[in-house]
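Form predicted on its own, single chain, as structure tokens, below.
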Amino acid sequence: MSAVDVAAVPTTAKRRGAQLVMLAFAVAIVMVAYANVGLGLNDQVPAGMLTYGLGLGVLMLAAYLVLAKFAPWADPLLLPLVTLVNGLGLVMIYRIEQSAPKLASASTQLFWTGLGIVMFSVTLLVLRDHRVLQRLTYTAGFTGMALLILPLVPGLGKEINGARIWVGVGGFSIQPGEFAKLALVVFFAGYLVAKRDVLALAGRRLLFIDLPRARDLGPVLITWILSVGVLVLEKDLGTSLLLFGAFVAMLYIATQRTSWVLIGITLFLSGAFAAGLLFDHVKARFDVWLDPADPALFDKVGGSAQLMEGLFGMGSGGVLGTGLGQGHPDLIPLSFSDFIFTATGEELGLTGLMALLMVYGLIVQRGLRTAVAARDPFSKLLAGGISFILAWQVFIIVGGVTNLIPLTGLVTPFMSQGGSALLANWILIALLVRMSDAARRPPPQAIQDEGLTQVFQR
């Protein structure tokens, strides 16, 4: 009989202590940036700095305590990294509010951050085992599609800034599409786990490409129709691109077949090209992308003025930026929302943007690491899909405001002003935290090894 070595079970105390130190460091960086804004604007520290600092610190401490209690094995880097990005977003919104007080509101964004922390905590409390989501595959798919269609309902949907992606509830407006992406990524993961063998093995080889069977193209075609429908009916290129990209990426992760990626890209490009020929609002996006310096487009409603002013702002920032509080981000339309990345580039320069992108890269890397460490196919696909959505969204935004790809209207995760995206992204991080906790948790250890009955300690 061998003795049970209970002490061999690793402890989480050291990891949680390091996480608390990193969290405090992230809040401290945000407070230094906040002070810099006041010094740059008025040569004095902002009067509300203590209130904002304490508010953010208390919120993050609450998130830390919930995580330490209910997901003690979770990745210790995720929460500090997200705190840093969310805090820098609050600082930039506060800075823009000083020049455009009727549009930007740091207090409102701090409220949404608090609500996001509540959603993060509730998700960790309710969802003790994320694998139960696999049983809700088709429910999640139906919910995701219903949320996407919701803005098209007469009397309920609202068109703002040229896109019909809003739903009015009381005095508030929400973007159901932000929550639809969560439901659809759960559906994609559950469906592909069930069908991946058929999708990966069935078919025939033509030249150097493994072509799937026609009957297996159904999911790709449905997702393609859904994406093009969002593009045409809701005038929302960003969500359309985000959803189809996520599905194709998860399809590749599940099957390892390049042919699916080629088919997906071909379908989407052909659909977008046809929509550009047939619909004026899609054509206008492509015209701005192809020649943003055209004077005829600059002064046009929905033209290239916003894009060009964002490019000028980043250009004036140079390598090191003008310094927080010393630029003119208020000259860029929607600099607190869609174009907060360019406002950051003006005041923090290329160096600041590279640091910001590195933080996003680390969040994605920790998510992918969770996918690699996960012990079941559903968790691998879900963690991989969520990580890809984050990376893909950042690429679409950065590519849009730098004119690498057409401008889409998506917002920068955790930075842009707005409640729907922030709440959805905090839930998304909670899912990653839950999966990293399951992946890192040591397997149950037997406390006796004889007889027919085994007792395990978790």
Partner chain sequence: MNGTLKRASVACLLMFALLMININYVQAVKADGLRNDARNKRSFYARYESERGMITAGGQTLAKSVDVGGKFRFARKYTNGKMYAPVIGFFAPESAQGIEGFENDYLDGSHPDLFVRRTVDLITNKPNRGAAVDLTLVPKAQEVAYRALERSGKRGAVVALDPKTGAILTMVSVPSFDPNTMAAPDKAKAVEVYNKLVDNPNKPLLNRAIETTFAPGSTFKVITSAAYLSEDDSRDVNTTVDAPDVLPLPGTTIGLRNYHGESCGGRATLLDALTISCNTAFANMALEMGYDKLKEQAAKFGIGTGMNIPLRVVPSDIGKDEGKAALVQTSIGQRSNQMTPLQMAMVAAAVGNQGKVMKPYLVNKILSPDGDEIDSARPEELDEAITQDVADELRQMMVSVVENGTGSAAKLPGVTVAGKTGTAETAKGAASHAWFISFAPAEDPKVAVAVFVESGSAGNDATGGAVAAPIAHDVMQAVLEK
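Keep in mind that what you see is a predicted model, and the values were worked out from it rather than measured. Residue numbers count along the first chain shown, from 1.
Keep in mind the form predicted in complex with the partner chain is missing from the figure; the text below concerns it.
Peer 1: So in the predicted bound form, does any heavy atom of Glu97 sit within 4.5 Å of the partner chain?
Peer 2: No, Glu97 sits far enough from the partner chain in the predicted bound form that none of its heavy atoms falls within 4.5 Å.
Peer 1: Is Lys380 one of the residues lying within 4.5 Å of the partner chain in the predicted bound form, judged by heavy atom distances?
Peer 2: Within the cut-off, so yes.
Peer 1: Under a 4.5 Å heavy atom criterion, is Ala371 part of the interface with the partner chain in the predicted bound form?
Peer 2: So Ala371 counts as contacting the partner chain.
Peer 1: Does His328 reach the partner chain in the predicted bound form, with heavy atoms at most 4.5 Å apart?
Peer 2: Looking in the predicted bound form, residue contacts with the partner chain include His328, since a heavy atom lies within 4.5 Å.
Peer 1: Heavy atoms, 4.5 Å, the partner chain in the predicted bound form: which of 301-309, 128-136, 276-284, 102-110 makes the cut? Say which one.
Peer 2: Only one stretch passes the 4.5 Å heavy-atom test: 301-309.
Peer 1: Ala146, Leu150 and Val186: each with a heavy atom within 4.5 Å of the partner chain in the predicted bound form?
Peer 2: No.
Peer 1: Considering Val122, Leu357, Leu233, Ala194, which brings a non-hydrogen atom within 4.5 Å of the partner chain in the predicted bound form?
Peer 2: Contact residue from the list: Leu357.
Peer 1: Check each of Gly116, Gly313, Gly177, Gly89 and return the one that places a heavy atom within 4.5 angstroms of the partner chain in the predicted bound form.
Peer 2: After the contact test, the surviving option is Gly313.
Peer 1: Give, in sequence order, every residue of 236-258 that has a heavy atom within 4.5 Å of the partner chain in the predicted bound form, or say none if there are no such residues.
Peer 2: Contacting residues: Tyr252, Ile253, Ala254, Gln256.
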